[in-house]
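Presented as C-alpha cells, the chain that follows is alone, the form predicted on its own.
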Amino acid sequence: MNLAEVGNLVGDLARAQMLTALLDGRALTAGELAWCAGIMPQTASSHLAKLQGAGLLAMEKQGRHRYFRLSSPTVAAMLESMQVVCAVDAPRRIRPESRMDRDLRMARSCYDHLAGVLGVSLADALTDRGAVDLAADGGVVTPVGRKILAEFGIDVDQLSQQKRCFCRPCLDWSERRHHIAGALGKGLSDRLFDLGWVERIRDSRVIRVTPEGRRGLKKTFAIDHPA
C-alpha cells in the first residue's frame, strides 16, 4: 500500500471517525463503530472491510459478534501524528472550546498510553528527575529511573522484554510537546489504572483523574492536576 491509498482510506469522514473511536485501544463491534460514525450498520461493514483489508484494523470473532481494533501501535501513532497536523489550524477556529474539548486536552488515552496535559506532565516529571532520557526517535530509563519506577510498582526489565518499542516520545497533538509511548508508556498507564488514580469515561477517550489520583500524582511526581 502506498501513501495515497492510505490517505484515501483515512480521508473518508466515516472511516476517520471509526478509526478515531479506536484510538483508546479498545475493541469495538461493527454496530458500536457505526454509531460512532453516525452511519447504518451495512455501510459500516463496507468501510470496516476496506480498513481491515488494508491492514489498518484487526478483527476478532467472539460468539456472534465481530470486534475491531487498530492493528498495531504503528497505526495508532500514524493517526495521532495526523491529529498533530490537523491541530495546527486550531487557533483559527471560531467555535469556543467545549467541555469535551477541555477534558480531552487535560487527559485522554492515546491507544494504550496517556496523553494530554497528564501524559505530558508525567513525561516532564520523569525527564526532570533524570529517570527517563528521551531522544527524537526513542528513549531509555536511567539507573535512577529504574529505582524510581520500581518504587512506583513498574518492572522495567519485564517491560523491556516485550516484542515492541520499549520507550519513545509521542508528539501530543493538543500540547505540541511529547508524552511517553511504547511499552513504558503502557506500563505507566496500566499502573495508574491499577492504583485507581485514573478512570475511563464511558464512550469517550477522556481519562478522569480521581481525587486519590490527584493526591498521588502530587506526592509521587509533584504534578498538580486540576480537578
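Start at 1 and count along the sequence shown; that's the residue number. Heads up, when I say rigid core I mean the largest set of C-alphas that superpose within 1.5 Å between the two forms. Here the structure is a predicted model, which means the values were calculated and not measured.
As for the form predicted together with the DNA, it is not shown, yet the points below apply to it.
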- Query: Is residue 65 one of the residues lying within 4.5 Å of the DNA in the model of the complex, judged by heavy atom distances?
  - Reply: yes
- Query: Any of the heavy atoms of residue 53 lying within 4.5 Å of the DNA in the model of the complex?
  - Reply: no
- 4.5 Å heavy atom contact, residue 12 and the DNA in the model of the complex: yes
- Item | Non-hydrogen atom contact residue 31 with the DNA in the model of the complex at 4.5 angstroms | yes
- Contact assignment for the DNA in the model of the complex, among 27, 39, 195, 201, heavy atom within 4.5 Å: 39
- Residues in 42-57 with any heavy atom within 4.5 Å of the DNA in the model of the complex: 42, 43, 45, 47, 50
- Query: Under a superposition restricted to the rigid core, does residue 43 display a Cα displacement of 2 angstroms or more between the shown form and the other one?
  - Reply: yes
- Does residue 194 move its CA by 2 angstroms or more between the shown form and the other one when the core is aligned? no
- Has the Cα of residue 8 moved 2 Å or more between the shown form and the other one, judged after a core fit? yes
